[in-house]
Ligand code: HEM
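Only one chain is shown below, in structure tokens, and it's the form predicted alone.
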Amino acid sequence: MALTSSQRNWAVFFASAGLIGLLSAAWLAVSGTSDDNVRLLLRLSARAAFLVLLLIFIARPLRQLIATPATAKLLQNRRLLGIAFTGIHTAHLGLIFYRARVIPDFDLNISESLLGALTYLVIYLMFLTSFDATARALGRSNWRVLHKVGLYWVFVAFLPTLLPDSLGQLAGANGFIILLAAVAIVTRLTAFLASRQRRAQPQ
């Protein structure tokens, strides 16, 4: 029996959150619950979520620039990617709470905590309005504003967390993800300029 849209959304959410949770639990069981191990899991889960976010970020502009079945499929599945992103970050949030519980000297920066809490609020508002019923209740215009502003908010909020403290940290995964983020920004800007140019052309 085929899943309904709502069932599919929940399945993706629990699958993504559960996968990160299970992998994290397995790693901690094998390697120990030291702060270094928990921080490693926090970095890896944040990077995994950001890679998914990049796909969401470029889905529409990439389709506008390159009309292929692959870009059509990416745009079609953007909602599910957003739900997977929420699932991964739910597991990431669980790791933050776990670290606060098991690390005695764990200290939260107030300003960073407030920004993080607000960003999570935006993420969950977008998640809750990714269901057909709540999207209809919100209204198409309000939905578009929430998800467009929310997408930029989340992207800008998480991008600085990937920036290295020194040039030496640009090597490896950090540098690769920053490069992908730069490509995503250029892709979105290119699509925006191309759209403006088309509108400016005389009919």
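Residue indices: 1-based, along the sequence shown. What you see is a predicted model, and the numbers here were worked out from it, not measured in a lab.
Keep in mind that the form predicted in complex with the ligand is missing from the display, and what follows is about it.
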query: Listed residue that, although the ligand is not shown, lies within 4.5 Å of it in the model of the complex (heavy atoms), from Leu162, Ala59, Leu28, Val52; finding: Leu162
query: Non-hydrogen atom within 4.5 Å of the ligand in the model of the complex for each of His89, Gly116 and Ala157; finding: yes
query: Contact flag, Ala46 vs the ligand in the model of the complex, heavy atom cut 4.5 Å; finding: yes
query: Partner contact for Arg79 in the model of the complex: the ligand, 4.5 angstroms, heavy atom; finding: no
query: Leu146 within 4.5 Å of the ligand in the model of the complex, heavy atoms; finding: no
query: Exercise: Arg136 in contact with the ligand in the model of the complex, heavy atom 4.5 Å; finding: no
query: Residues from 21-44 in contact with the ligand (non-hydrogen atom within 4.5 Å) in the model of the complex; finding: Arg39, Leu42, Arg43
